[in-house]
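First, one chain by itself in structure tokens, the form predicted on its own.
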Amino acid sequence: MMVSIADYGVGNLHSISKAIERSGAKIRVVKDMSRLAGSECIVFPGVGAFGAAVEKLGPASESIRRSITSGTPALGVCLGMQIMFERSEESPGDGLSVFKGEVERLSAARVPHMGWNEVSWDDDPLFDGVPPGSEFYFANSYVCRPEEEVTIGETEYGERFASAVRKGAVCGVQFHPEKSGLPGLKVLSNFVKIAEDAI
């Protein structure tokens, strides 16, 4: 399977690219957002600001949204998860609206939320084989507020928030699996399997 990684002009894509390759998929980094809609599978990586990312998606947003809602598997990591929602308090601009809900500033004594934290998850294929109590690496100031039943994992930091969502073969994680050791690599390989089964 060929996974297209969206390059919205911020962050180092090396880690997520290598981690997905270890899961058995081939990768290509896509700078022209209009090319994402024809992809076999899409990954939105997790560095940068909401406004800059959705501005980069620009006119291609609608075709990308249609592609995903029509069955193209997709994974959003941190910021990538957030842009799949409708809008964000962080900055103006419309998200892809693949998931219903908004992104709001995290309510905690210390923001950003940086470092290792536990995720409690439902029995879901995205977490198959991940040991209970596993910790994942977070780096976020904003969190997603789903307005539909898509939450499959939650994390406690100042408040309890959705740290993993899934709707069919479309997944989002607030943590960085590519920086989370073996548990993170397992989540990525599980996503690749979900995606392969869907196409």
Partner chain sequence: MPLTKRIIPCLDVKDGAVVKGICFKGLRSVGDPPTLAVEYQRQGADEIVFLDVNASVSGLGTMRSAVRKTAENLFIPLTVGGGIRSFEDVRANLLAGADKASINSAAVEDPKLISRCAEAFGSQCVVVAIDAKRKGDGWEVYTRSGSRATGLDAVAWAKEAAERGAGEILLTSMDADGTKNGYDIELTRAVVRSVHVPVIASGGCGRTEHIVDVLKRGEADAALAASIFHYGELTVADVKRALEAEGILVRKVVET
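Numbering follows the first chain given and starts at 1. Since the model is a prediction, treat every value here as computed from it, not as a measurement.
One more form of this protein exists, namely the form predicted in complex with its partner chain; it is left out here, but the text below deals with it.
Shown without its partner, this chain lists D122, E104, D128, E118 as candidates; in the predicted complex, only E118 has a non-hydrogen atom within 4.5 angstroms of its partner chain.
For the three residues R28, F44 and V143, a heavy atom within 4.5 Å of its partner chain turns up in the predicted complex in no case. In the predicted complex, G24 stays away from its partner chain, with no heavy atom inside 4.5 Å. Shown alone here, K186 lies farther than 4.5 Å from its partner chain in the predicted complex, counting heavy atoms only.
A residue is said to contact a partner when one of its heavy atoms sits within 4.5 Å of a partner heavy atom; G71 fails this definition for its partner chain in the predicted complex, lying far away.
Although the partner is absent here, E135 is a contact residue: one of its heavy atoms lies within 4.5 angstroms of its partner chain in the predicted complex. With the partner left out here, its partner chain still marks one of 34-42, 146-154, 62-70, 47-55 in the predicted complex; by a 4.5 Å heavy atom cut-off that stretch is 47-55. Residues of 170-192 lying near its partner chain in the predicted complex, listed in sequence order, are E178, K179, S180, G181, L182, L185, the criterion being any heavy atom within 4.5 Å.
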